[in-house]
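This document opens with one chain alone, in C-alpha cells, the form predicted alone.
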Amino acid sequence: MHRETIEDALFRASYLSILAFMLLPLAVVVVTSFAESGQLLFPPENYSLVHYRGFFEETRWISAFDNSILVGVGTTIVATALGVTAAFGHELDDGRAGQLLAPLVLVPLLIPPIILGISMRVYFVRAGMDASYLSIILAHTLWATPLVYFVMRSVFSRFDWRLLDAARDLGAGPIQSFVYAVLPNVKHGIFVGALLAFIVSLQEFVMALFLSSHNTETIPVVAWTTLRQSLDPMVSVVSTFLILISIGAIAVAAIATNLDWLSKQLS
C-alpha cells in the first residue's frame, strides 16, 4: 500500500473514532429512554415504552412541547427575515456600513447566554413583556439571526448579481426584483438558514429559563426543573424527541442543499 493510502485510512479511522466518541452520550440518552423503571439507569434492566406513553399523557410535557414549537416557529420567521435582509443589504452596500454589519451581527454569539438572559429579563420586565412568548422569541432571535445571516452571505456570494441588474433594467421595482430575480435562486439557502434558526430555538435553555413562566416554559426548561428533583427517564424521552427533530431538520437541509446543487448541474 502507498504511504498516502495508509495515512488517509488512519485519518478516516481517527475521525470516525472521535465522532463515535462524541455521539456516544446521545446513544446513552436514547437507550435510557426505554427503561422500564422509574430511575435513570444505564444500561436499563428492562426495556419498555411506558415512559413514551407517559409523555403523551403528561399535560405539562405536552404544553412545554407546544411552547417550544411555537417559540421555534416565531424565532424562525423573525430570524430568517432579519438574516436574509441583512445579508442582502450587505451585498448591496460595499461601504463602511456594510463592513460594520458582520461584526455587529456576530456580537450576540460572543456574549454568554446567562448575561443575555439576565439583561433581557430586566429589560422585558420594564417593557411589560415579562414571561411572554414574544420575549423568548426575541431572545432566541439574537442567536438565530447570525446563523441565518452567515448562511445567506455564503449563498449570495455565489449569486449572479447581473440577474438583479437585468430585472431593474426591465423596470422591476426593488421588491419585484428580489422576488422574481433573487428569491428563486437563493430559496434553498433561505430554507437551510430557517431550519438552523428553528434548531437553535428548540435547543436553547439558559435565556428561556430566565424569560419563561409556568405557562410559557419550553421543553429544555421543564427538563432542567425535572432533573433538579429526580433522575426521571422522561427527560431521556424528551431528549430523544429533540435529537430526532434535530437530525430530521439537518437531513432535510442536506437534501435541500443537494437538490440545489443538482439543479445547477443540470441547468
Partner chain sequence: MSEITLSGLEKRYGDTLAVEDVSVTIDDGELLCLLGPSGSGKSTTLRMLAGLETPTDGTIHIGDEDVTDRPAYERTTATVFQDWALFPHKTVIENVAFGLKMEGVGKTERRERARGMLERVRMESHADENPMNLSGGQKQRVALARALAVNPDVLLLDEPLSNLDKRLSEDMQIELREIHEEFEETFVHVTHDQDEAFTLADRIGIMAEGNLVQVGEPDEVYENPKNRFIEGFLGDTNFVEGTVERTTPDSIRVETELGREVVLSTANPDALTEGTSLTLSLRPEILSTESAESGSEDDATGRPALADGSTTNSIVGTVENVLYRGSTVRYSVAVDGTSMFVERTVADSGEFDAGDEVRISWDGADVLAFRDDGSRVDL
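Numbering follows the first chain given and starts at 1. Since the structure is predicted, the reported quantities are computational estimates derived from the model, not experimental observations.
Unshown form predicted in complex with the partner chain; subsequent notes refer to it.
Asker: Give a yes or no for residue 132: in the predicted complex, does one of its heavy atoms lie within 4.5 Å of a heavy atom belonging to the partner chain?
Answerer: Heavy-atom contact with the partner chain at 4.5 Å: absent for residue 132.
Asker: Under a 4.5 Å heavy atom criterion, is residue 180 part of the interface with the partner chain in the predicted complex?
Answerer: Taking the distances in the predicted complex, the answer for residue 180 is yes, it comes within 4.5 Å of the partner chain.
Asker: Even though the partner isn't displayed, in the predicted complex is residue 174 close enough to the partner chain, meaning a heavy atom within 4.5 Å?
Answerer: Looking in the predicted complex, residue contacts with the partner chain include residue 174, since a heavy atom lies within 4.5 Å.
Asker: Check residue 128 for me: does it contact the partner chain in the predicted complex (non-hydrogen atoms, 4.5 angstroms)?
Answerer: Flag for residue 128 set to no.
Asker: Quick one: name the residues from 164-203 with any non-hydrogen atom within 4.5 angstroms of the partner chain in the predicted complex.
Answerer: Contacts from 164-203: 165, 166, 167, 168, 169, 170, 171, 172, 173, 174, 176, 180, 181, 184, 185.
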